[in-house]
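First, one chain by itself in structure tokens, the form predicted alone.
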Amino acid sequence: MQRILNKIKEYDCIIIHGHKRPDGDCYGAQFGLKNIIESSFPEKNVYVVGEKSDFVDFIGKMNNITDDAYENALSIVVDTAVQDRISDPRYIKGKEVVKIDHHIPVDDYGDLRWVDTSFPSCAQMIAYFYYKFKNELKLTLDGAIALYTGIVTDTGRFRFRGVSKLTHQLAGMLIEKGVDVEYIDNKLSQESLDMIALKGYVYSNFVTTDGFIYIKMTRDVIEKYSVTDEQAASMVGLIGGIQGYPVWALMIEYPNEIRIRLRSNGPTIDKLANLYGGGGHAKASGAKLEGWEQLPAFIKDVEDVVRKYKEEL
């Protein structure tokens, strides 16, 4: 952390990247870090780049920058274990690259890396970074809102494994900065009638195999319910926690691939995700298929993981 702070002090221009199809934690880490740097070093130019998220767009707006901004700039990539998932490949144009992440390492990219899988969210890492150097750094309400939102979304509102005493202490620190928890909860809880209808579709069309339950989100389904890809992907939690099915997944069809949100409340699944071009946490990972014809093989591999898990119990 000290080396990262030294690098931030060294550069006049800092560009913060996240991952493709960003979630609340990615946005929270990006905009929280931007706020810390801008508030602490107002003479520096700090940009957040990458894809937009409608779900947490209230946190901040992405910057549009030209390639020449990367000349003699520091690139910081947050919440991204796999290089090909980094949103905006221009990060490599920076003079140096810093990686800050809480996922199980897949690609050891970056000139300087801070990776700690004990943190349940990358936003918590950034909040901890501020806390450790609070005598040198500043954080305003906007940054606190971003970090709190990131922590809340990636911990399932403090329900998931990895939440610790430190998580709540840092959340309390952000609340002391003025975060209105009711405001954020309302922002995250609002749903359209289309989303409610899509929930009905998920509950009526999930598929079960031996210990595995999944739902396919094809393009026609997404178009029928008039939802975004981000909204469709958020449905993964609906089929979790069903007795007898320790692994579940949502598979969403994109033009050139099928992205899988893979979850577990039993066996570890990150190594399985690695086999299918992904990775993440031991119990929450992402993977991808080149086409639906690969689905039977994927299902078999999941069933093997579940079977071995049950045999070890």
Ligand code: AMP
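Residue positions are given as counts along the sequence shown, with the first one as 1. All values derive from a computational prediction rather than experimental measurement.
Although it is not shown, the form predicted in complex with this ligand is what the next lines describe.
*Asks:* By the heavy atom within 4.5 Å rule, which residue out of L272, I258, V56, A284 makes contact with this ligand in the predicted bound form?
*Replies:* Looking at L272, I258, V56, A284 one by one, just A284 meets the 4.5 Å heavy-atom criterion.
*Asks:* Considering this ligand in the predicted bound form, which of V82, V97, I100, L139 comes within 4.5 Å of it through any heavy atom?
*Replies:* Contact with this ligand in the predicted bound form is made by V82 alone.
*Asks:* Which one, 45 to 53, 28 to 36, 64 to 72, 276 to 284, holds residues whose non-hydrogen atoms are within 4.5 Å of this ligand in the predicted bound form?
*Replies:* Result for this chain: 276 to 284.
*Asks:* Though the partner is not shown here, which residues of 240 to 258 have a heavy atom within 4.5 Å of this ligand in the predicted bound form?
*Replies:* Going through 240 to 258 in order - heavy atoms within 4.5 Å of this ligand in the predicted bound form - there are no hits.
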